[in-house]
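First, one chain by itself in structure tokens, the form predicted alone.
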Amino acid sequence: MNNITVKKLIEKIEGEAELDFTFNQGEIEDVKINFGFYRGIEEILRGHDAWDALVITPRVCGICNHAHLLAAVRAIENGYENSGLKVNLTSKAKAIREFTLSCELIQNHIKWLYMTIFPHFEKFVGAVSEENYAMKATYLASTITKALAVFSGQWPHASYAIPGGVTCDPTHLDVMQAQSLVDESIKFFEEVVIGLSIDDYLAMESVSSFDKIQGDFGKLLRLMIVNDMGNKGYSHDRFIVFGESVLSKPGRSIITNVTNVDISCVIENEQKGTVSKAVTYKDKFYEVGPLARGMVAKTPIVRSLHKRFKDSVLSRVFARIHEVALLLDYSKSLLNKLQLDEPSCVLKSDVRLTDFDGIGTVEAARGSLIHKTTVRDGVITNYDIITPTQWNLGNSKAVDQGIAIEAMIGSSSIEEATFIFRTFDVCSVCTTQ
């Protein structure tokens, strides 16, 4: 069978995508990734007041909207600082922003585990169970989102983060309510997802400890190892992080060597046949997301896993669920240290600069998110949103294969390739701005 192309519409992701697979001698030789629905959020923003981005950009995505809000507010604050107005957030405002972002990542990771990975992998390997994965996903995701909403007022599409801080002024009762919801989330994670205490889980630093992991995550890991997912889905082994968080500092990792990054080296390129743009760093594709964060941060158990299984499907899935444990633990510590007597916001509402250029970076669930804003005479003249899916799902160039495409090449079936594709957690609505 020579050079046969098969089109496949991918659904049950954020939006839709079309994959064009080219087969040669029974293996996938090339893939084109097409996103067909243009949204134009960047164009909508032009002509609006600079602060309108705080309300409009969270509408980019229904599942990582909070990350877009924080990228938007950081872009404005960075623009103010570039124009000479220093913005020194209080530790209270920083902690509340980090807490709410952590909650959003947790709900995102858990939904991906139970509503994407489990059902599609079990179907792929013919091991479909009777588990109600949707119910498990909903329970933990809704519990941790309630904790988020204690501070943001609502989720999705909150706009509580403003230049200089946050609009909320929580009481001790609010913090106690959030602590109770985080404790409830940890209890579920320990009993259902990992089958051991979160402290014992986080003490593990080597892949040799995998047998200790029980629960649904342990079941998934063993099913993946039996089905050789440690040897599937290899990409370029290049990783990059632009946002700073408890999970990682900015940096790029090539195999295991970590170096600094310069955001001016990020370039977007239009692609034929799709409305999404590809994005590269120094003309190379890099993987973003939890595995990238683990590699750049040199997280011991992620590095141990990578040493044995490289940038495989198994490593990619493990790194993402490992972040749930890290973020639950971190969220609890943030609440315990919250300084309620500090101001929530350090800028007065009438402090508005009218001419600035700013960049905001955030580590969203799927990876690095970048917002760039240009403001003249108080209105946005240009707005650029670079999303994690653009990094991971760009189409190949003459000298370099896209990250997900490289991972799918060599697959023997569309079913195998599309499962590999889903391990990058596709979000077409974020990508087609």
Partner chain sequence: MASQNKPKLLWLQSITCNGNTHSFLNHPDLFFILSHFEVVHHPVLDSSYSMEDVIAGIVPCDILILEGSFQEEGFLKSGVEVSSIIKHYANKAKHIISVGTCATFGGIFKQKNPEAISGFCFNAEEKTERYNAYASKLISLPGCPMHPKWLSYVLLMISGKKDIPIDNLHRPVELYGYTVHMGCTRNEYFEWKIDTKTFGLKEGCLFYETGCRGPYTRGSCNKILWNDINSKTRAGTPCFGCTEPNYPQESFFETKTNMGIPDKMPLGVSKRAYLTLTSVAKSFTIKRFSERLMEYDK
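Numbering follows the first chain given and starts at 1. None of the values given here were measured: they were computed from a predicted structure.
Not on display, but discussed next: the form predicted together with the partner chain.
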Heavy atom distance at most 4.5 Å to the partner chain in the predicted bound form, all of E43, L54 and S159: yes
Contact flag, L85 vs the partner chain in the predicted bound form, heavy atom cut 4.5 Å: no
4.5 angstroms heavy atom contact with the partner chain in the predicted bound form for A95: no
Non-hydrogen atom contact H109 with the partner chain in the predicted bound form at 4.5 angstroms: no
Touches the partner chain in the predicted bound form: K282 (any heavy atom, 4.5 Å): no
Selected contact from T361, T145, N78, T299, since only one has a non-hydrogen atom within 4.5 angstroms of the partner chain in the predicted bound form: T145
V226, M135, A203, A127 - the one with a heavy atom within 4.5 Å of the partner chain in the predicted bound form: M135
Option from 388-396, 46-54, 404-412, 367-375 whose residues, in the predicted bound form, bring a heavy atom within 4.5 Å of the partner chain: 46-54
Contact set, 149-180 vs the partner chain in the predicted bound form - heavy atom within 4.5 angstroms: A149, V150, F151, S152, G153, Q154, W155, P156, H157, S159, Y160, I162, V166, T167, C168, D169, T171, H172, Q177
